[in-house]
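Only one chain is given next, in structure tokens, and it is the form predicted alone.
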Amino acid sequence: MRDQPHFLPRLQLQSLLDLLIAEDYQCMGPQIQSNAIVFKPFSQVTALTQGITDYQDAGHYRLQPYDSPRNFHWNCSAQLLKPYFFQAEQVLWQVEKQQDGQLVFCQTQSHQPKRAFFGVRACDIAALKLQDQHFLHSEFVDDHYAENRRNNLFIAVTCSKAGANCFCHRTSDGPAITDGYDLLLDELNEGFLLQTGSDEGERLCQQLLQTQVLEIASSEQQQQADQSLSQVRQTLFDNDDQRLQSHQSDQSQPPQFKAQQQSQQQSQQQHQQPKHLPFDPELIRQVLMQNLDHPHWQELAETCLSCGNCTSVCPTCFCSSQRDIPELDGSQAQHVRQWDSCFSQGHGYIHGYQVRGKTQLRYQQWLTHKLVNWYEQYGRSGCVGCGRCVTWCPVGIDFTQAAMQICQDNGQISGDRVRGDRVRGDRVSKDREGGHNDN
């Protein structure tokens, strides 16, 4: 049970928004644009998504009506936090030519407003921590990222549904949100359970209490929130079991039958059931890195378009390229940083030589960096289990399946292993429930 959260009636959500605006926060929230959920500034609760859910599949994203007053009953948008802190294009410095011919260099400054982000999920918080490790806590601090990270408020929302491509339970990043937030909302039909996770969140909560906007959450409301989270977690693990059983059933069939059924069953198996991925760093190192010549890599390369969609929507990818943009008259120039991808040709170009000239090598670079080399850099996987790369891949490649295929061929996945992971995952999740979290 959670530690005595407050209750914010749905009709009072505007009061929280008004308070933030009065505190000079620019509020960013989920809205519908071009048949997708995007995060944009808003000042009225009516601008938020409502009565909408999403359906995500491998290479498939659709919004669907949902008969409910809820604002956050969807899994994750294509992008949320990363573009605001690690911008897709940013001028790092510029140079101007003076009348006497001297060149004057100056670093550009980005002065961001105070921002409050509504609807942040567990995977987004986990991804932001990884971005912080790279840009803030490494040997060289990125001043532009550091400036963008100042004066931000995170209003997290616990996921109320398990998405088809979600596997945050396998990366230990969700579905419960344990830290990294200022305010945490658990959405019910009639309103929100509200908990604080920082001094700023506590201050705002006290102001809402003083104006009698908040109520004391009832035991029934707390039970509803706990049951919703437990159901999401249960569904994620149940889908793992379904997928494992499906795989074992396929293995027991005669080769002729499997060949006949493969084209009909493959899409259904991959699309309807979320993933099991053994996020064991030692196992991943041993299997993936020792099997770079596995034939499945070439199968992936024949499907992959090297478009870079996966890296664009990935909340942890941070590759970039830099170029100079001069004025035609030579009076000044800007040095610009842009998002790049390890799937682009330029990313692997080193002084006249392309080190990753084939799609197979690019895919290997991306997958092994996420699941192997990231441990050496940051002590954990570079994947937070959001499933965005699966959803937004135009040809529906599921990178978890790529890793699973190689691990299965080497006998590294079994039913006992998956169920053992489930027991450990349940224990960890229970230990994390409740309590006050400090940023």
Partner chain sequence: MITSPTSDVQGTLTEQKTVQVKADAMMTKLQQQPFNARIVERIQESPDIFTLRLTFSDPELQQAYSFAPGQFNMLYLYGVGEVPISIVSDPEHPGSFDHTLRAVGRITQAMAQLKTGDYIGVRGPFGRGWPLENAQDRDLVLITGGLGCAPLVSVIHYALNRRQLYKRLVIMQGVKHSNDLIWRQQYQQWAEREDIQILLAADETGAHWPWAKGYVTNLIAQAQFDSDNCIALLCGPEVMMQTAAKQLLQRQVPEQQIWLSMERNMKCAVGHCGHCQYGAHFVCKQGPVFNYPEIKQLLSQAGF
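Please read all numbers here as calculations on a predicted model, not as lab measurements. Numbering follows the first chain given and starts at 1.
Form predicted together with the partner chain: not shown, discussed below.
Of the candidate stretches 114-122, 199-207, 301-309, 352-360, only 352-360 has residues with heavy atoms within 4.5 Å of the partner chain in the model of the complex. Shown here without its partner, the chain carries Leu292, Asp324 and His369, all of which come within 4.5 Å of the partner chain in the model of the complex through at least one heavy atom. In the model of the complex, none of the heavy atoms of Tyr66 sits within 4.5 Å of a heavy atom of the partner chain.
Taking non-hydrogen atoms only, Phe85 never approaches the partner chain to within 4.5 angstroms in the model of the complex.
Under a 4.5 angstroms non-hydrogen atom cutoff, the partner chain in the model of the complex lacks Ser219 among its neighbouring residues. Mapping the unseen interface onto this chain, Asp143 counts among the residues with a heavy atom inside 4.5 Å of the partner chain in the model of the complex.
His134 is the sole member of His134, Arg285, His296, Lys161 with a non-hydrogen atom within 4.5 Å of the partner chain in the model of the complex. With the partner omitted here, the residue from Arg149, His73, His347, Arg233 that has a non-hydrogen atom within 4.5 angstroms of the partner chain in the model of the complex is His347. Looking at 41-64, no residue comes within 4.5 Å of the partner chain in the model of the complex, counting any heavy atom.
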